[in-house]
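Here you get one chain, nothing else, as structure tokens; it is the form predicted alone.
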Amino acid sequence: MKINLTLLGGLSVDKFLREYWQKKPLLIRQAIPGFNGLLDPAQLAELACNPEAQSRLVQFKRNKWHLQHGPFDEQSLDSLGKSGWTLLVQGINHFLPGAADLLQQFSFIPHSRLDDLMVSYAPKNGGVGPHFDSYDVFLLQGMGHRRWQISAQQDRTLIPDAPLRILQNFSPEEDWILEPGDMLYLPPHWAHNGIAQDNCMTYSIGFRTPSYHELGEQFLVYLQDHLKLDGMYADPDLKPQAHPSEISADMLQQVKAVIQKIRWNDTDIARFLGTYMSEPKPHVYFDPPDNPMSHKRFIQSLDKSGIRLDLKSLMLCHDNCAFINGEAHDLDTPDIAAIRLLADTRQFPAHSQLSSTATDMLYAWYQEGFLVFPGKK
């Protein structure tokens, strides 16, 4: 991909990935010229009161950090002071079509790595303290101005007993003030501290970096659900033991021989990754349509207007398999390109050719609430 992007300060995607991604920070002035945000502080506060949203309130008062988890009520948010606090809401892309569109601008990074869009609001001097993250993040400035200090320091000592992972000995090496439309990319483990210079909002595009331990643990869970070992333990030639508490060598060898039969291949790993990486977070639920249209009317509407993924849906592909919200679906060869287009762009155009098998699959996803027609939530 050789296209220069304003989003990356004129760098080609190839150069950004080669020289910056997971290597070093990049400050991009006017990454999105004219960007002033997707919502205002009152709308963010309203989302923070929504039980379906994940929200946090960070305050620094009496020389101590304090953390509260939402949902909040309007009265408690209205009573906050004029400085020294930050309100953060995760998964804004689950609620705003414009947020989902914003994330599509970052599709030069695979969807399997994308986490979500978090938006924070802080009055002057608000922030969450110097810290580091274990994931990649693009920090896009909306309204107002935020001062960012960053450091490659290896000292990751944390303030003891703080409710947040705040660095005890932060030593900034770079210092910038970001204006609306400016953006800062940070690789994992770069220490950073953001301080609001006025009433400001920051849009954080975060990317998942699951640990190998997490992946290994969840792969074993996947195998458990897909594993079949025939037969039962048997010992017709059992012999007397001097110590009945001893696990015999015969038992060890028999069980070892069975366990060594467990095998997996690239297809197993791909199916695990597809289902695991597309699995919605535990708090995410889908609402089926109240009055689902008939199969015949669905096909007519699909042809006329196309369809798109629900804002909360996650969709990935590998070879001839599509993964949506933790489910795996095999595709017929003629349908692969069309379904992959839905996964890539999150929408399916009108007047597209699909087999009856693929249409039936889309209809089932529509009934589950995974797909919605344009103009719907």
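Predicted model, so just to flag it, every value in this text is computed and none were measured. The first residue of the shown sequence is 1; numbering continues from there.
Another form exists, predicted together with a small molecule; not displayed. Remarks below refer to it.
- Within 4.5 Å of some heavy atom of the small molecule in the model of the complex lies at least one heavy atom of residue 139.
- Not displayed here, the small molecule is kept clear of residue 149 by more than 4.5 Å at the level of heavy atoms in the model of the complex.
- In the model of the complex, at least one heavy atom of residue 86 sits within 4.5 Å of the small molecule.
- By the criterion of a heavy atom within 4.5 Å, residue 118 is counted among the residues contacting the small molecule in the model of the complex.
- Screening 111, 131, 94, 145 for any heavy atom within 4.5 Å of the small molecule in the model of the complex leaves a single hit, 131.
- Contact with the small molecule in the model of the complex, defined as a heavy atom within 4.5 Å, holds for exactly one of 204, 153, 218, 275, namely 204.
- The chain is drawn here without the small molecule; in the model of the complex, the stretch among 165-173, 236-244, 255-263, 118-126 whose residues come within 4.5 Å of it by any heavy atom is 118-126.
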